[in-house]
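In structure tokens, the next block holds one chain alone, the form predicted on its own.
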């Protein structure tokens, strides 16, 4: 976990959060050991921003990986902050239900939950009528 914490902490410093000042960093490890990072990027039109978790997932996919084996998210707040609902769904798309999601604060607090604990009713392709 220390390599994920280091990677997420470093990328958090590059987050672009001029409005909320709430910088978030995320690091994903794949089954091959690759680590991919992302940070939040705000926009004056708030819904147009991107979350750190989504950025890390995009980087993972751009690198040719499609599976998350572990994820860590860090933010400067009093308690560990779980990923937003949209990011929970994105994580569930690329991670098994037993994959650990660790949420950390810059003050050293952490909370680890599984994907299933974060998103017990995830939506997946089995709900779609696909050929």
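Predicted model only: the values in this text are computed from it and were never measured. Residue numbers count along the first chain shown, from 1.
A second form of this protein, the form predicted together with tetrahydrodeoxyuridine (THU), is not displayed here; the remarks below concern that form.
S.K.: Tell me, please, which stretch of 29-37, 81-89, 94-102, 59-67 lies within 4.5 angstroms of tetrahydrodeoxyuridine (THU) in the predicted complex when heavy atoms are compared?
M.R.: Heavy-atom contact with the partner occurs in 81-89.
S.K.: When the contact criterion is heavy atoms within 4.5 Å, does residue 112 count as touching tetrahydrodeoxyuridine (THU) in the predicted complex?
M.R.: No - in the predicted complex, heavy atoms of residue 112 and tetrahydrodeoxyuridine (THU) never come within 4.5 Å of each other.
S.K.: I'd like to know if residue 77 sits close to tetrahydrodeoxyuridine (THU) in the predicted complex, meaning any non-hydrogen atom pair within 4.5 angstroms.
M.R.: Although tetrahydrodeoxyuridine (THU) is absent here, residue 77 would stay clear of it in the predicted complex, with no heavy atoms inside 4.5 Å.
S.K.: Closest heavy atom of residue 22 to tetrahydrodeoxyuridine (THU) in the predicted complex, within 4.5 Å or not?
M.R.: It does: once tetrahydrodeoxyuridine (THU) is placed as it appears in the predicted complex, residue 22 has a heavy atom within 4.5 Å of it.
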